[in-house]
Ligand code: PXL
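Here's a solo chain for you in structure tokens, the form predicted on its own.
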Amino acid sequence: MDKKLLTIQDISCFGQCSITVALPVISACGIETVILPSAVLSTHTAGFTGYTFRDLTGDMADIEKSWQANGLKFDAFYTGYVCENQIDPILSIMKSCAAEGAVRIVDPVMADNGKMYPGFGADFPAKMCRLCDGADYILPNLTEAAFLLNEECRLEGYDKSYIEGLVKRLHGTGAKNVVLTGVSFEPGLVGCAVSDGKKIEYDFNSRLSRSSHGTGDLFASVFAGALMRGKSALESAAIAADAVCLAIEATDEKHWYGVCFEKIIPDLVNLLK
């Protein structure tokens, strides 16, 4: 039977992020992708002003009841940007609508470059920890890892022992597998640490000269799709990183608000083979 994945995150109508990335990308991986919007924004919050924001928490309980009434079950859950008061509704859906052996993938979207995203309170990392507890995979960047652990954020000047200690402490949130992104031990390389709690493996790519909005969502979406295709966590992370690099390279520098992931979907299909 074909697998079904439910992704819970926002719809930013313009900006190539969140559900507008997850739906086409995971679908391109051959996985039926169901969406539950956490909020609707006119644009994403990075670089735009006057954006609209509608919290959709109030719809979640009725959607869950509808799915239960129709006997709908999902083989995987993948969460991205969610609102502060949505942890309990999401955990309820993950319990009531889970197929046997359903996988939980949590991208704890809340911060980057040492700072929290707009709109999140100081207590949000503690709430996100509840979503990480029991997750099969969590995908924090270095900033999000520090916030989850209530530690000082270190984006440079660290060594392997620091990263491996950080990963070990992230398992303390209750996450079974950790994929820590943005790891770099030398200037020309950047990648991720992948841990199952017993061993830590690494995947690195050449560091590109520029970064782009939405790459975290693209990484997590490809990771989720590849994982559901039967790839290992390390293989999924490597495919996701390669896809992100290809998307950045395919994006004109004037295209500042996101990456043109649409152009590399054929490459993604080939990466999955």
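All residue numbers are counted from 1 along the displayed sequence. Predicted model, so just to flag it, every value in this text is computed and none were measured.
The next section is about a form of this same protein that is not shown, the form predicted in complex with this ligand.
Exercise. Picking from 237 to 245, 43 to 51, 220 to 228, 26 to 34, which part of the chain touches this ligand in the model of the complex when contact means heavy atoms within 4.5 Å?
Worked result: Partner-contacting stretch among the options: 43 to 51.
Exercise. What is the one choice in Ala76, Val179, Val109, Ala175 with a heavy atom within 4.5 Å of this ligand in the model of the complex?
Worked result: Here the answer is residue option Val109.
Exercise. With the partner left out of view, is Thr20 within 4.5 angstroms of this ligand in the model of the complex by any non-hydrogen atom?
Worked result: Thr20: no, not in contact with this ligand in the model of the complex.
Exercise. Hey, in the model of the complex, is Tyr202 touching this ligand, heavy atoms inside 4.5 Å?
Worked result: So Tyr202 does not count as contacting this ligand.
For this session: Please check if Tyr81 has a heavy atom lying within 4.5 Å of any heavy atom of this ligand in the model of the complex.
Result: Contact check for Tyr81: yes, within 4.5 Å of this ligand in the model of the complex.
Exercise. According to a 4.5 angstroms non-hydrogen atom cut-off, is Phe124 in contact with this ligand in the model of the complex?
Worked result: Because no heavy atom of Phe124 falls inside 4.5 Å of this ligand in the model of the complex, the answer is no.
Problem set entry | Residues within stretch 115 to 153 having a non-hydrogen atom within 4.5 Å of this ligand in the model of the complex | The stretch 115 to 153, when checked against this ligand in the model of the complex, contributes only Tyr117 at the 4.5 Å heavy-atom cut-off.
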